[in-house]
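Next come structure tokens for two forms of one protein chain, structure 1 first, structure 2 second.
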Structure 1
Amino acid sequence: MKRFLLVAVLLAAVAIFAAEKYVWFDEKTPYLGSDAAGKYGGRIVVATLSGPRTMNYTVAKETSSTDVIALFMGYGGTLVELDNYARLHPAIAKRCEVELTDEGKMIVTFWLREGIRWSDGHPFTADDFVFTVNDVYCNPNIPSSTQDVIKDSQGRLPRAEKIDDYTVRVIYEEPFRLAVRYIGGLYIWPKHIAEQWVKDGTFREKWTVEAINNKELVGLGPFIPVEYVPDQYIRAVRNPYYWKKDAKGNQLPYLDEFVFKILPDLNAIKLAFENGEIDIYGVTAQFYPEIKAKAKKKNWVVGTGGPTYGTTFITFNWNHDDPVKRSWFRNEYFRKAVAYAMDKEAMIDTLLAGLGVAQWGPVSVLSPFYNDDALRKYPYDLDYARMMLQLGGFSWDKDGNLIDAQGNKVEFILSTNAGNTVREGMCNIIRDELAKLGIKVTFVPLDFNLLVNKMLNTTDWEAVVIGLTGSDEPQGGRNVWAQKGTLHFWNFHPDAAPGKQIKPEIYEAPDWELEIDRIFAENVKVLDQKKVYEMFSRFQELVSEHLPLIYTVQQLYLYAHKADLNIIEPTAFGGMLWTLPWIYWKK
């Protein structure tokens, strides 16, 4: 039902776009939290496996950083925001109009709420938003993943104009179907602080993690990080100028503090929840039956939902320095053999306690763009895996070792983030199954931030099991799937690799990668949602056929929290914290 409703909403949006001007929302449309009724006080403690790597959103690529950044830049700190079902609502913008001009341009006009202040008390105006769009996210000298997703089909970035102190408009040279959601959802930077960084060319060097303890962070979100003790915790306090108010006119947030407690692994997180050291818990499937059984006695709320939007996969470094390993990883039959050797049922049964589903493609089954018929699937079958290897030019020596056409034994290092016991378990299963094919896999878990740095800035990695958060909207993954995307990590383009580590002479892009690049470039100008669905169906077909990422399994959405905490309707999209500014302790 949910998927149907999302499709219906999208189709309605297309019909409306056919008009010359559309009022997306106006002053009568309530913002999220405007009907809240809670009480002040207390703090919430949430677990994380790693400390942040940066507080600069244009640099951040890992959730250990972006989850903390969201506290002071998200949760209503944007012009628009999404609820727990990906429905769009006004936030700092109180009115929004979209216009298609006779010249074929799209103009989005936002009217901003007056009287909003940054967390340091400085007034927020249209200048901050225009600066954010033009001088930060659309600045070629400050490349970021955000640029990947807000470009039009020709690679052009939008530009923002100030109409007056509280009215701005954003202009696209052609229709851009996600303009309101993406431009209105940008994290906004304080011009009075960050403008100088742009002028002196130091923007990307600012707001490191040291900015937390230096009390330098300024935002429009509900909490401001003020203390970071590595390997222990990050503490944030309520923003005294947060703009949202509840139904009685009381300023939000209700909580005094938000704390990320850094714990070494999933076992430690479970123990911390049981001991009352953390207040909410994204339960792993392995522990779900035990947590559920204790819920009544412990006064917990424990629940489950459907498959999540995230993905987990194994991928290989196509640009490895060793030409021999590079040739294996680029060999499509090799990747298909790995896919056929993937025992997903064993992963679901042993790692997820049956609370998971097999994944076959890059789009979540919850997305209105998911097309099961477009996906090629690879059921566990080692005979098929051996056949794929033979088709790929591989054979076996007298001792049963897999060798390539030149007689090189096939062996590689597989990594994942240490402490994530589910991913570690996946690596062990993959290693054991590939051993049956004569492939030697050495499993080396690594610290999460170290692993991400290796993938993004070096060629010093061979294979990883890792995940992406995902969304209902596939276009949000353009930074992953575009040929020059800043997260196209398995086959970075030499011009786009964050560490400039890819040698142009070894780089190759197959035709199907270029077709995916075109799909992500061109779908944004298509306002016929049926055609967009067809384009993303082709995308799913190409990915599942050629397997740049080989998908594993995904746990169902599981959650647990203390019953005294007012958590409202957690979903796979919104999680437990989508109402963070108006979460409160009942007692």
Structure 2
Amino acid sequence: MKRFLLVAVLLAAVAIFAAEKYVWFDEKTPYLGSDAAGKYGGRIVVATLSGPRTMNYTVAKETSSTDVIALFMGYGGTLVELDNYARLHPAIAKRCEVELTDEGKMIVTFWLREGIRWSDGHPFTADDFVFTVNDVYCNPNIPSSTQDVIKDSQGRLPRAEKIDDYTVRVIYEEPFRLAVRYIGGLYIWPKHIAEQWVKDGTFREKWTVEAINNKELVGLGPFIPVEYVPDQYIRAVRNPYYWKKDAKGNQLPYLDEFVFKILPDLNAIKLAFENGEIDIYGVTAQFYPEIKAKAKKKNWVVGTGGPTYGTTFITFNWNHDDPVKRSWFRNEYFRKAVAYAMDKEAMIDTLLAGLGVAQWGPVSVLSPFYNDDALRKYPYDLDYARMMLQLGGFSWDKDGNLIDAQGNKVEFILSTNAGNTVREGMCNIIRDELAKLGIKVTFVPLDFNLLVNKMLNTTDWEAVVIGLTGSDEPQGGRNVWAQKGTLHFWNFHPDAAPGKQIKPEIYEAPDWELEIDRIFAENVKVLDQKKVYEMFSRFQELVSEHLPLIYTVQQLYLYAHKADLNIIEPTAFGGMLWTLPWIYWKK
């Protein structure tokens, strides 16, 4: 608790950014795990749905790869790290200062812990970090999605400089709020190994999954993957040089081995957990009651950890070719009527086995920027929905069908990706409720690829229920919310539509969309957390008021693990393994 307070105080200090120089954290700030007290030995086996594609982080796109890479590059193998609530802590960097220069640049200085070694015994120095920033992540010849994250608001990449063997600084051309988190959180590459690959242009071909069995992987993280049997398992062993030590000065991690067992089927994962073949289990809502009921007898800990980060919503195509449909979808009262007609209780009860919460806005409840007061909520009420429709100029014909001011019957096609039973269920509930308002909805589930292509490259779609991954940091949704964002699918800008399908003469951007665009462009330049909070509150207010996306419900994070494994406070952000280096078996 003391540690969290300290970090909170330090972060709050950003608010009073009066001085030009600011100490983000210093030598007195403890690193995660420094107060651990466990015992050595044992192995933990965790299920994964598919095997890794690559061990090269600049190539990796999916969690099946990045989860394995994190074992030898993450969990404290970075300069700073985040805990289960996305709060920042020092890791390899023991001190961090941020400085604004008179020319408007921002300089982040990191002081590194001395005596740290790579898993092959080679000493780690500032050179490794400078190489990682300048030659890997900021190298135009090595494209990676990391580049998009560390760019400033103008799209400029930072530059790293070595001051001495244990001090580095990173220079941005303008203030960039997320610099410490993203630059400090970069997975570091061993210069003594990877420099050659950059020089001969083979960097992205290195560290394929074959590197595991060839014992080529070198990292600063707690475990090194050493054995991969395709579609069977990945076994990682303790890094003999991992730098973290527990409260008694014992070197972490406690566990001897970490194993990812590849089980491609959710049913099989559940059975494997029940059979004792895996030690922790991210429970699905469908199986939760059953697992919970067996917990005592089987000696499991089963619980929930707050809502998860992703979002699921219904959205309409504002640029549909048919001007009549376009006018409904652009009509705010129409969207409000849909919002009032959404029976979220039914969705939670029937689709999520009661293990969910209603979602009202674009920022995750777990984010420090979430502001409940800023959100306009639309409790299920069909009378209100009817009222909204009347305000929007709609009425009903003698058969009870909803008609617009020109007398057109309101009907549209609703799609989602076929096979996602929760989303299909949502579509059915929405269709039934809208039918009560006289709206005829035809539900057409589509293959995922087809749906994505329709939404992103054509104007040939009417309404969809779809989801996006979320994060604690709203700026992660910039591609969705910026006016010219590549995922601004409900109202693509003619210049930014991936398929160039939007005719400029039909395009319209309401003022509030432009305001959201400004919020996303400006907030990263603001270092004052309070100001950023206000900006994102306004964003939440605008979205919930005007409803470009109408949010549905969010499942809770569900977990189960063997009771003799000391898993600490799992959350959607940290999962069950955020304390991996100091997880141990109690008996």
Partner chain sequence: MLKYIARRLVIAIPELIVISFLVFMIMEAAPGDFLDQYKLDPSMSKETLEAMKKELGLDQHPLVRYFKWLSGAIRGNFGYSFYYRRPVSKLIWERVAATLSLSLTSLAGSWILGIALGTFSALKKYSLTDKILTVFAFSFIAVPSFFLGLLLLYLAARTGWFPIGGMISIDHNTMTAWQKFKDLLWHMTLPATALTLGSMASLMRYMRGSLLDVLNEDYVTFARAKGMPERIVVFKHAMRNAINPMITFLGFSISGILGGSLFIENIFAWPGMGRLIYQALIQKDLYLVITSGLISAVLLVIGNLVADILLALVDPRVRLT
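Not measured: the values here are computed from a predicted model. Definition used throughout: the rigid core is the maximal C-alpha set that superposes within 1.5 Å between two forms. Throughout, residue numbering runs from 1 along the sequence of structure 1.
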Subject >> Structure identified as the form predicted together with its partner chain >> reply: 2
Original post:
Across the change between structure 1 and structure 2, how many whole degrees of rotation does the smaller rigid part show against the larger?
Top reply: 33
Original post:
By how many angstrom is the Cα of residue 474 displaced between structure 1 and structure 2 when the rigid core is overlaid?
Top reply: 2.6
